[in-house]
Every structure is written in structure tokens, then in C-alpha cells.
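Consider the single chain below, provided in C-alpha cells and representing the form predicted alone.
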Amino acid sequence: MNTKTIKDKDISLIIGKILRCGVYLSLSVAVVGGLIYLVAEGNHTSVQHNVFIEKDENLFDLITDTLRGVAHGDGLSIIELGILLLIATPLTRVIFSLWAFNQEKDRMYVVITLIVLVIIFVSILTGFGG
């Protein structure tokens, strides 16, 4: 007797939809932010794209500053929000997989997915300067 409440094919379809929707959403947000930025700063000529300046910020400060800028309609902050949504898309996929494997009572994949989540969170938190 099959006691699975969710089928493997359903999981694959939902994961595909999560990834597609995440990419489309992040792209849409970034394009809107880009248009707002161009309208507000289009005549500004002193931008130097050949110099990369790394800002080693705390992740939570970055998210807070981005959301604050989005609330004020800042184009660059809206672009950053699009990038954060793009980063969150595969993370959402892994979290959904964890839920799905737990529903299937597949303990081995639950453990593997938890290990992947820990690796992702450690990488994100240490990559942003802790």
C-alpha cells in the first residue's frame, strides 16, 4: 500500500514552478528598479563602472537597508531586492524539498537536505562578513 501523500512527479512540478516564479519575480523587480534608477539618475555621468568597490556588510543590515530604500522608491535598492529574491529562489526550493521529503517520510533525504541547508546558511552568513 502506498502511503505517500505527495508524489515524486508532483514534487518535481512544484519545484519547477518555484524556480520559474522566483526567476521571473526577481527579474521583474530588478527591471522595475533599473527603470526607476534610470529615470532618477539618467543624466548623472560620474558613475565609474570600471572600479569595483566591495561593501562587506552584515546580511541583516543589507536586507534592512534594502527594504528601507525600497520603501522610499530608491531604484538601486529595488535592484538589490531583485538580486536578493534571486538568491532566495534556490533556497526556497531546498526548503520546499525538505518539507516534501519529510511528508514522504524519507529520512535519508531529509538529513541530506538539512545538511545542504546548513551549508547554504553558513556560506551566506560568513560570506557577508558575519
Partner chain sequence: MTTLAFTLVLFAGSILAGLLGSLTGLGGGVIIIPLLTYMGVDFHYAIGTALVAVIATSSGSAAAYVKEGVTNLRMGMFLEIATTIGAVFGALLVASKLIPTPIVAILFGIILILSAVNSWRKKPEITEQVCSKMGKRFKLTGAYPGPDGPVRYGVKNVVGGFFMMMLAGIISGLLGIGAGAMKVIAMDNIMRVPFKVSTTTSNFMIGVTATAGAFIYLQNGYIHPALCMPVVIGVLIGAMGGSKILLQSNTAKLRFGFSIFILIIALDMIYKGMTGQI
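Just so you know, these numbers come straight off a predicted model, no measurement behind them. Residue numbers count along the first chain shown, from 1.
In what follows, reference is made to the form predicted in complex with its partner chain, a form of this protein that is not presented.
**Student:** Does any part of residue 15 reach within 4.5 Å of its partner chain in the predicted complex? Heavy atoms only, please.
**Tutor:** Yes, residue 15 is a contact residue.
**Student:** Given that its partner chain is not shown alongside this chain, does residue 73 nevertheless sit within 4.5 Å of it in the predicted complex, heavy atom to heavy atom?
**Tutor:** Residue 73: no contact with its partner chain in the predicted complex.
**Student:** With heavy atoms only and a cut-off of 4.5 Å, decide whether residue 69 touches its partner chain in the predicted complex.
**Tutor:** Because no heavy atom of residue 69 falls inside 4.5 Å of its partner chain in the predicted complex, the answer is no.
**Student:** Can you work out whether residue 58 and its partner chain are in contact in the predicted complex, taking contact to mean some heavy atom pair no more than 4.5 Å apart?
**Tutor:** Yes, residue 58 lies within 4.5 Å of its partner chain in the predicted complex.
**Student:** Who in 91-125 is close to its partner chain in the predicted complex, meaning a heavy atom within 4.5 Å?
**Tutor:** Heavy-atom contacts within 4.5 Å come from 91, 93, 94, 97, 101, 104, 106, 108, 109, 112, 113, 115, 116, 119, 120, 123, 124.
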